[in-house]
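So this first bit is one chain, no partners, the form predicted on its own, shown in structure tokens.
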């Protein structure tokens, strides 16, 4: 009897180095970093400001080029990839940013439809239905024709979530999505993201400083000075202390 091989991880990073500047101004922000992210799981990246979290997220999202090392995303090697390959990878991912980045001149529905524009699917016959479906899923069915100045901060971030999900991405990347929200609203948004990701089988990689949402993650990875710190898992029945997280915590 043949044993099925385990599924390949959604993200596999090996010996990644990344820097800004040249010569005497060169600053290394990621140092020999290796990381594997399981498909269908929610992983949080945590660490102090400037430690390389957002840089890592943008490399995984093919928003910048890999300088040194290997970054495999959804089975595609991004190191040395041409622009066509990078665009194809971006189209398989959804992005949520710290600020909602909604277009002020567009309605909620029109903003969400922009998520289909980048995939070249906004002109499809079912485009509006797809937008309305995801807006209903995030609780904005009654706000589709409103502009951003007519909705709350939490609703704006929900619209940003809908825009990221409307293209049915395999990978969801989020950079500090609760930073501008109060604790209750921030938790509601992340619980929504986690629930929809689980329903759709998406992999979530999220940068956050928010200690109030740690229990939502399947795994927490701590980065400092461009490196993943030595693993220090907590006891199986313990949640990490919010003031000092272990490097890698996996919920069981």
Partner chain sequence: MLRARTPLGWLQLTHSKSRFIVASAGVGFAVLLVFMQLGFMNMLFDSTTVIHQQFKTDLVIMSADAEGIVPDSGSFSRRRLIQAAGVPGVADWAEVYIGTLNWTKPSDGTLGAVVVFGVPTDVRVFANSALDAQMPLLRTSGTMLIDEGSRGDYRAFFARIAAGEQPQVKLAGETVTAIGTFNFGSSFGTEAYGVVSRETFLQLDRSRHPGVINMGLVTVTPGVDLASMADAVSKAIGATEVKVWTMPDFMEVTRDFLRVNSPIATIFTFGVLVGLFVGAVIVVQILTSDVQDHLGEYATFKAMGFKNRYLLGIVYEQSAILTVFGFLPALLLSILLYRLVGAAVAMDMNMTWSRVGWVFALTVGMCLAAGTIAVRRIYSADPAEVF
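What you see is a predicted model, and the numbers here were worked out from it, not measured in a lab. Numbering follows the first chain given and starts at 1.
This next part talks about the form predicted in complex with its partner chain, which is not shown.
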Task: Distance check, residue 54 to its partner chain in the predicted complex, heavy atom within 4.5 Å - done: yes
Task: Interface membership of residue 169, its partner chain in the predicted complex, 4.5 Å heavy atom rule - done: no
Open item on the list: So in the predicted complex, is its partner chain close enough to residue 143 to count as touching (4.5 Å, heavy atoms)?
Closed with: no
Task: 4.5 Å heavy atom contact, residue 185 and its partner chain in the predicted complex - done: no
Open item on the list: Check for me whether its partner chain, as it appears in the predicted complex, comes within 4.5 angstroms of all of 10, 15 and 46 - heavy atoms only.
Closed with: no
TODO: Pick the stretch from 67-75, 133-141, 118-126, 177-185 whose residues have a heavy atom within 4.5 Å of its partner chain in the predicted complex.
DONE: 118-126
Task: Option touching its partner chain, based on a heavy atom within 4.5 Å in the predicted complex, out of 214, 35, 63, 196 - done: 63
TODO: Could you run down 57-91 and flag each residue that has a heavy atom within 4.5 Å of its partner chain in the predicted complex?
DONE: 57, 58, 63, 64, 87, 90, 91
